[in-house]
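To begin, one chain is listed below as C-alpha coordinates, in the form predicted alone.
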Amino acid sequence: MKSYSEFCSLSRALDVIGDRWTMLVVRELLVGPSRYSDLHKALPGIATNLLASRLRTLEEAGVVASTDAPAPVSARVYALTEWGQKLRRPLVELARWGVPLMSTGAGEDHSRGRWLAFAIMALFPEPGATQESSDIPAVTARIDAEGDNLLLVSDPTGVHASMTSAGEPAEVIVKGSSEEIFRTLSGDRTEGAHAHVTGDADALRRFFALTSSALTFDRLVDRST
(Lines give C-alpha, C1' and ligand atoms only; values in the text may rest on other atoms or scores of the structure.)
Protein backbone atom coordinates (compact mmCIF):
# COMPACT_ATOMS: atom_id res chain seq x y z
CA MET A 1 0.00 0.00 0.00
CA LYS A 2 1.27 3.42 -0.88
CA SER A 3 1.81 5.54 2.22
CA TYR A 4 -0.39 8.55 2.86
CA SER A 5 2.83 10.31 4.01
CA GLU A 6 1.01 12.25 6.71
CA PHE A 7 2.30 12.97 10.22
CA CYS A 8 -0.91 11.67 11.79
CA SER A 9 -1.40 8.51 13.88
CA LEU A 10 -4.60 7.57 11.99
CA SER A 11 -2.84 7.98 8.66
CA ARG A 12 0.10 5.87 9.80
CA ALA A 13 -2.24 3.20 11.20
CA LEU A 14 -3.98 3.03 7.83
CA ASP A 15 -0.59 2.69 6.15
CA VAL A 16 -0.39 -0.66 8.00
CA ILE A 17 -3.98 -1.96 8.06
CA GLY A 18 -5.81 0.14 5.47
CA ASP A 19 -5.37 -2.19 2.49
CA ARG A 20 -8.34 -4.26 1.32
CA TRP A 21 -8.56 -7.60 3.17
CA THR A 22 -6.05 -6.62 5.85
CA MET A 23 -8.56 -5.94 8.60
CA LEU A 24 -10.40 -9.17 7.77
CA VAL A 25 -7.13 -11.06 8.17
CA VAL A 26 -6.83 -9.42 11.60
CA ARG A 27 -10.44 -10.40 12.37
CA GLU A 28 -9.60 -14.05 11.70
CA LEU A 29 -6.53 -13.90 13.94
CA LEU A 30 -8.57 -12.29 16.72
CA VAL A 31 -10.62 -15.49 16.71
CA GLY A 32 -7.38 -17.43 17.18
CA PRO A 33 -4.03 -18.39 15.63
CA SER A 34 -4.44 -19.93 12.17
CA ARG A 35 -2.57 -21.84 9.54
CA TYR A 36 -2.28 -20.23 6.11
CA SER A 37 -4.68 -22.79 4.61
CA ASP A 38 -7.28 -22.06 7.31
CA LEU A 39 -7.00 -18.32 6.71
CA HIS A 40 -7.46 -18.81 3.00
CA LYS A 41 -10.54 -20.96 3.58
CA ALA A 42 -11.99 -18.42 6.03
CA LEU A 43 -11.61 -15.52 3.59
CA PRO A 44 -13.62 -16.48 0.49
CA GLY A 45 -12.59 -14.43 -2.51
CA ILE A 46 -9.03 -13.56 -1.53
CA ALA A 47 -6.32 -14.66 -3.96
CA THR A 48 -3.63 -16.82 -2.40
CA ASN A 49 -0.83 -14.44 -3.46
CA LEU A 50 -2.73 -11.48 -2.01
CA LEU A 51 -3.18 -13.24 1.34
CA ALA A 52 0.55 -13.99 1.39
CA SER A 53 1.27 -10.33 0.67
CA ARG A 54 -1.03 -9.09 3.43
CA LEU A 55 0.48 -11.48 5.97
CA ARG A 56 3.99 -10.45 4.96
CA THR A 57 3.12 -6.76 5.40
CA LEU A 58 1.56 -7.42 8.81
CA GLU A 59 4.60 -9.41 9.91
CA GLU A 60 6.99 -6.70 8.77
CA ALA A 61 4.94 -4.14 10.71
CA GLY A 62 5.03 -6.24 13.89
CA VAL A 63 1.26 -6.86 13.95
CA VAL A 64 1.52 -10.60 13.19
CA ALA A 65 4.11 -13.23 14.04
CA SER A 66 4.42 -16.72 12.58
CA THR A 67 5.92 -19.91 13.93
CA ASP A 68 6.40 -23.45 12.64
CA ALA A 69 4.06 -25.65 14.63
CA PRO A 70 5.25 -29.19 15.42
CA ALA A 71 3.44 -32.37 14.40
CA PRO A 72 0.61 -33.18 14.01
CA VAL A 73 0.02 -29.61 12.74
CA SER A 74 3.38 -29.35 10.92
CA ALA A 75 2.54 -26.00 9.35
CA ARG A 76 3.32 -22.33 9.74
CA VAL A 77 0.87 -20.77 12.18
CA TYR A 78 0.08 -17.06 12.23
CA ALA A 79 -0.94 -15.16 15.35
CA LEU A 80 -1.36 -11.57 16.42
CA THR A 81 1.45 -10.08 18.47
CA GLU A 82 0.70 -8.30 21.73
CA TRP A 83 0.56 -5.04 19.76
CA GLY A 84 -1.65 -6.64 17.14
CA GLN A 85 -4.09 -7.81 19.82
CA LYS A 86 -4.70 -4.15 20.63
CA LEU A 87 -6.63 -3.91 17.37
CA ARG A 88 -9.44 -5.88 19.03
CA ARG A 89 -11.15 -2.87 20.57
CA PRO A 90 -11.16 -0.57 17.51
CA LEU A 91 -12.29 -3.39 15.20
CA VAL A 92 -15.03 -4.44 17.62
CA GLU A 93 -16.23 -0.84 17.83
CA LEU A 94 -16.24 -0.64 14.03
CA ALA A 95 -18.29 -3.86 13.91
CA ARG A 96 -20.77 -2.38 16.39
CA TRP A 97 -21.05 0.72 14.23
CA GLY A 98 -21.90 -1.58 11.33
CA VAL A 99 -24.68 -3.50 13.12
CA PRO A 100 -27.47 -1.56 11.32
CA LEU A 101 -26.04 -2.80 8.02
CA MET A 102 -26.88 -6.36 9.10
CA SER A 103 -30.62 -5.67 9.09
CA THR A 104 -30.98 -6.60 5.41
CA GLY A 105 -29.89 -10.18 6.12
CA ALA A 106 -27.19 -12.29 4.49
CA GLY A 107 -28.65 -12.35 0.98
CA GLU A 108 -26.04 -13.72 -1.42
CA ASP A 109 -23.10 -12.80 0.83
CA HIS A 110 -20.61 -15.43 1.94
CA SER A 111 -21.00 -16.64 5.52
CA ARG A 112 -18.85 -18.69 7.85
CA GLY A 113 -19.79 -20.06 11.24
CA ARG A 114 -16.43 -18.98 12.69
CA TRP A 115 -17.29 -15.34 12.03
CA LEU A 116 -19.83 -15.62 14.84
CA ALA A 117 -16.88 -15.60 17.26
CA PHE A 118 -16.14 -12.05 16.20
CA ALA A 119 -19.86 -11.21 16.26
CA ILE A 120 -19.92 -12.31 19.91
CA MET A 121 -17.05 -9.92 20.66
CA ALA A 122 -19.17 -7.11 19.19
CA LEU A 123 -22.51 -8.11 20.73
CA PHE A 124 -21.32 -8.27 24.33
CA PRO A 125 -19.17 -6.00 26.54
CA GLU A 126 -15.46 -6.63 26.45
CA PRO A 127 -14.44 -9.04 29.24
CA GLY A 128 -14.06 -7.11 32.49
CA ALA A 129 -14.58 -3.76 30.75
CA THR A 130 -17.76 -2.68 32.53
CA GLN A 131 -19.78 -3.40 35.62
CA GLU A 132 -22.42 -4.92 33.37
CA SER A 133 -20.03 -7.63 32.22
CA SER A 134 -19.66 -8.81 35.84
CA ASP A 135 -23.45 -9.18 36.20
CA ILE A 136 -24.10 -11.38 33.18
CA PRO A 137 -25.58 -14.85 33.70
CA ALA A 138 -23.16 -17.78 33.63
CA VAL A 139 -23.81 -20.25 30.82
CA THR A 140 -21.93 -22.35 28.26
CA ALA A 141 -23.28 -22.79 24.74
CA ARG A 142 -21.94 -24.73 21.77
CA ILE A 143 -22.73 -23.07 18.48
CA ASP A 144 -22.94 -25.28 15.38
CA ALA A 145 -23.09 -23.27 12.16
CA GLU A 146 -22.13 -24.15 8.60
CA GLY A 147 -19.60 -26.80 9.54
CA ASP A 148 -17.93 -24.73 12.26
CA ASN A 149 -18.26 -25.22 16.01
CA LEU A 150 -17.77 -22.54 18.62
CA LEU A 151 -17.93 -22.56 22.40
CA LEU A 152 -19.50 -19.52 24.05
CA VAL A 153 -18.65 -19.17 27.72
CA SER A 154 -20.37 -16.50 29.79
CA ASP A 155 -19.00 -15.95 33.31
CA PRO A 156 -18.25 -13.04 35.67
CA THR A 157 -15.22 -12.03 33.55
CA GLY A 158 -17.33 -11.51 30.42
CA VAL A 159 -18.45 -13.41 27.33
CA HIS A 160 -15.81 -15.42 25.49
CA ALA A 161 -15.99 -17.41 22.25
CA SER A 162 -13.49 -19.85 20.77
CA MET A 163 -13.40 -22.53 18.11
CA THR A 164 -14.11 -26.01 19.41
CA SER A 165 -15.03 -29.53 18.27
CA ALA A 166 -18.41 -30.84 17.21
CA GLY A 167 -18.77 -33.01 20.32
CA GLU A 168 -17.83 -30.36 22.90
CA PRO A 169 -20.26 -30.63 25.85
CA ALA A 170 -22.21 -27.51 26.79
CA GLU A 171 -25.34 -26.57 28.70
CA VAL A 172 -27.00 -25.15 25.59
CA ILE A 173 -26.67 -26.21 21.96
CA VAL A 174 -27.38 -23.61 19.27
CA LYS A 175 -27.79 -24.75 15.66
CA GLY A 176 -28.63 -22.94 12.45
CA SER A 177 -27.26 -20.70 9.73
CA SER A 178 -24.98 -17.82 10.66
CA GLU A 179 -27.81 -15.40 10.00
CA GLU A 180 -30.25 -17.32 12.21
CA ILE A 181 -27.72 -17.62 15.02
CA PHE A 182 -26.71 -13.95 14.78
CA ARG A 183 -30.38 -13.03 15.08
CA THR A 184 -30.75 -15.25 18.14
CA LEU A 185 -27.56 -14.05 19.85
CA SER A 186 -28.49 -10.40 19.31
CA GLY A 187 -31.79 -10.87 21.12
CA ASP A 188 -33.75 -10.09 17.96
CA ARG A 189 -37.46 -10.74 18.50
CA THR A 190 -38.64 -10.14 14.94
CA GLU A 191 -40.38 -12.74 12.80
CA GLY A 192 -37.21 -13.73 10.94
CA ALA A 193 -35.90 -17.29 11.29
CA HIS A 194 -33.99 -17.98 14.49
CA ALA A 195 -31.58 -20.71 15.55
CA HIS A 196 -32.69 -24.00 17.10
CA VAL A 197 -31.71 -23.79 20.78
CA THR A 198 -31.81 -26.77 23.13
CA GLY A 199 -30.95 -27.33 26.79
CA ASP A 200 -32.65 -27.77 30.13
CA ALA A 201 -35.04 -25.10 31.37
CA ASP A 202 -32.57 -23.40 33.71
CA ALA A 203 -29.78 -23.29 31.13
CA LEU A 204 -32.16 -21.87 28.52
CA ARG A 205 -33.33 -19.21 30.97
CA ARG A 206 -29.73 -18.11 31.54
CA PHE A 207 -28.88 -18.24 27.84
CA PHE A 208 -31.81 -16.04 26.85
CA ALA A 209 -31.10 -13.69 29.74
CA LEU A 210 -27.65 -13.31 28.19
CA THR A 211 -28.93 -12.67 24.66
CA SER A 212 -31.43 -10.12 25.97
CA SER A 213 -28.46 -8.04 27.16
CA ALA A 214 -26.70 -8.03 23.77
CA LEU A 215 -25.40 -4.68 22.57
CA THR A 216 -27.84 -4.24 19.73
CA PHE A 217 -27.75 -1.04 17.73
CA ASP A 218 -30.67 0.44 19.64
CA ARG A 219 -28.95 -0.12 22.97
CA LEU A 220 -25.68 1.33 21.67
CA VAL A 221 -27.51 4.45 20.51
CA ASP A 222 -29.24 4.75 23.89
CA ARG A 223 -25.87 4.70 25.65
CA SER A 224 -24.47 7.47 23.51
CA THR A 225 -27.34 9.90 24.14
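Everything numeric here is computed off the predicted structure, so don't read it as measured data. Sequential numbering from 1, following the sequence displayed.
Although it is not shown, the form predicted together with the DNA is what the next lines describe.
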Report summary line: The stretch from 113-121, 69-77, 97-105, 150-158 that lies within 4.5 Å of the DNA in the model of the complex, judged by heavy atoms, is 69-77
**Report entry** Contact of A193 with the DNA in the model of the complex (heavy atom, 4.5 Å)
**Finding:** no
Report task. State yes or no: in the model of the complex, is some non-hydrogen atom of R205 no more than 4.5 angstroms from a non-hydrogen atom of the DNA? Result -> no
Query raised in the report: Quick one: is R27 in contact with the DNA in the model of the complex, heavy atoms, 4.5 Å cut-off?
Result: no
**Report entry** Proximity of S37 to the DNA in the model of the complex, heavy atoms at 4.5 Å
**Finding:** yes
Query raised in the report: What are the residues of 8-22, in order along the chain, with a heavy atom within 4.5 Å of the DNA in the model of the complex?
Result: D19, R20, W21
